[in-house]
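Just one chain follows, in the form predicted on its own, and it is written as structure tokens.
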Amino acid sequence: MEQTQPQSVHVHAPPEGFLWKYVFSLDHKVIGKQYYGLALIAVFTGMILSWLMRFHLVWPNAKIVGLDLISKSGAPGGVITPEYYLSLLTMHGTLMVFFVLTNAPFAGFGNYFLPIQIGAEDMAFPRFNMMSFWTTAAAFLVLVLAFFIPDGPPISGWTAYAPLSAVGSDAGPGLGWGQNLWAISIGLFCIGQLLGSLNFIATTLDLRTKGMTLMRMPICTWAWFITSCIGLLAFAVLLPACLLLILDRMAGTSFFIPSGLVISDRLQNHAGGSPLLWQHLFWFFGHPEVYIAILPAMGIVSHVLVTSMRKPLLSAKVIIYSMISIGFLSYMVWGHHMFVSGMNPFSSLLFSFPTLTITIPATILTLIWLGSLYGANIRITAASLFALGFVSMFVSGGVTGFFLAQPSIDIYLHATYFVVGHFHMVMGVAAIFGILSGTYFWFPKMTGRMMNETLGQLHFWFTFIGTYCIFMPFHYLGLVGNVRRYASFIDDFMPALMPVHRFVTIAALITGAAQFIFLYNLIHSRFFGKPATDNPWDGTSLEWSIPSPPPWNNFGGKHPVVYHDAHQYGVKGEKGDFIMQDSPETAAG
């Protein structure tokens, strides 16, 4: 299917009234902003939880004012208990992985810009789109509710490993209704993402405007399309896994609970289940989830870099094929998360090989970015700085993955801070750099105003230096055996490492505080920023051919015609160094 013409059946009437315009809107742009706003709330919530954890690790007996008001049993007198530390860890990981790293780069920016970039007036199924957001918002509220029930949040970690997560309150604090709420929340989240993935796929294949062949789509559109294909299968596996977990907990089934299990001197009335089944189901979702977070960021960074460099990438097609390869291979490597689960050595070898293989397309992507930068007179903006920061974080975090791909090395490093440093840099921080790059880049289009560049670049340097100060030491801590998930390091061999932890904690507090520079810039610029032109970055893709912010029907009822791909830069001519996709002008050469 090379190109299609948008059909009028997908067009809906302009919204009327506050509720239908801003709350239950069918407009993909409003829904994109809603997803972004939800991710913004989630990321600051997750950041505060990480502050609490870091503060407790360095000063385990310190009283945190007001924390006992949220949980009297978890933080009596404001002092975090070991169990409540694990609850904070669970909620931090869940919020960041699901409600930030999936919501913002894929659902947020994707909802807003994918239809515009392919010349459509809206998503293929606007009501599904609205339903997907509100299902996701409900999932967020259900998860946060766990903080305010007597039982508290679960202590099972964001991976919710069985049988700890499956047997109920006998296993410890938070594993009663707290764990139930977690499972319900993630199940709802899966439903929302499945609706969104179907919508993205149908929109990309059905609603491309005239001339918009697949290979003329911008790289970020390809990234959202590939991510939606990954998500369609990944979330379809996690959803039934959550349902089975709920059945084990509330209906007496034994999918994940083995026979003869005794917890708290109580024999569990279950037989025949397998805890490893949960790990297989979860990680069959979990590793593709890494690329659900990182692929949209790769697309955004490619889009920002090519616009900032004012020259085409060395090969946009190779970038697209590499992203497709990453999406395909992401389903073959889930077992490397289970090297310490008693896996057969031959199975470990089979999972180790594709884990190393998937680095090939990732390396090709990186080489194309770096090679394209050679000789480029790049425009230095906050957006381009965060795009370059993404490349740095992706490489620095990705290199450590070679160690973890080897079963013999991973067995030693798996339960240490080495893994924490690796996945935070390659998945967490890199993806967030992609989100921030996209925010500074597309903010003028979304609001009609410019963000403050001085504050943006100040925000970048604080964040870039700060994240290296936080997560690079994690690798050194892991190499000397610093075990993760411990609430304190007082009575074991690790007190000698406390100066490093103290440095990391101070860096985390400063880096987190720097994010309020971004928040101020975002809110202040929304109302008082300098008015933006329709095309402030001299971009070529279709979003820069319409007013800022776009009208409710994007192109004013007209269907654009596309004549070029989205990378016509460095063109020598009287009108500038670029050609818009919808311009019939012929590219030089």
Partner chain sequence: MGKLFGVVLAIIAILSAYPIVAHWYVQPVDISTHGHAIDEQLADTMAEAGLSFLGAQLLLAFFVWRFSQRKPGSRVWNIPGGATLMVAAAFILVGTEILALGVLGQKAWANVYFTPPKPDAMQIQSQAGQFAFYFRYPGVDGKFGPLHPDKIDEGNSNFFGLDPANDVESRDDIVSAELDVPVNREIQLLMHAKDVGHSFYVRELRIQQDFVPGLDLAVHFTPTQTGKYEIVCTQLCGLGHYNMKAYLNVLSQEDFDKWMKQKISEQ
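From a predicted model like this one, the values you see are computed outputs, not experimental measurements. Residue numbers count along the first chain shown, from 1.
Only in words, not in the display: the form predicted in complex with the partner chain, which the text now covers.
S.K.: Would S73 show up as a contact with the partner chain in the model of the complex if we use heavy atoms at 4.5 Å?
M.R.: Because no heavy atom of S73 falls inside 4.5 Å of the partner chain in the model of the complex, the answer is no.
S.K.: Report whether the minimum heavy atom distance between E289 and the partner chain in the model of the complex is within 4.5 Å.
M.R.: Heavy-atom contact with the partner chain at 4.5 Å: absent for E289.
S.K.: Do L519 and the partner chain come within 4.5 Å of each other in the model of the complex, heavy atoms counted?
M.R.: Judged by the heavy-atom cut-off of 4.5 Å, L519 is well away from the partner chain in the model of the complex.
S.K.: My question is simply whether I184 lines the interface with the partner chain in the model of the complex - judged by any non-hydrogen atom within 4.5 Å.
M.R.: No - in the model of the complex, heavy atoms of I184 and the partner chain never come within 4.5 Å of each other.
S.K.: Identify whether the partner chain in the model of the complex is within 4.5 Å of every residue in the set S348, L367 and L479, based on non-hydrogen atoms.
M.R.: Looking in the model of the complex, the three residues S348, L367 and L479 all sit within 4.5 Å of the partner chain (heavy atoms).
S.K.: Among the candidate residues H414, R216, H424, R449, which is the single one with a non-hydrogen atom no more than 4.5 Å from the partner chain in the model of the complex?
M.R.: After the contact test, the surviving option is H414.
S.K.: Considering N180, T359, Q515, T505, which brings a non-hydrogen atom within 4.5 Å of the partner chain in the model of the complex?
M.R.: Here the answer is residue option T359.
S.K.: So which of 304-312, 129-137, 438-446, 98-106 is the stretch with heavy atoms within 4.5 Å of the partner chain in the model of the complex?
M.R.: Selected range: 304-312.
S.K.: Which residues in 240-277 have a heavy atom within 4.5 Å of the partner chain in the model of the complex?
M.R.: Read in sequence order, the residues that approach the partner chain (within 4.5 Å, in the model of the complex) are P258, G260, L261, V262, I263, D265, L267, P275, L276.
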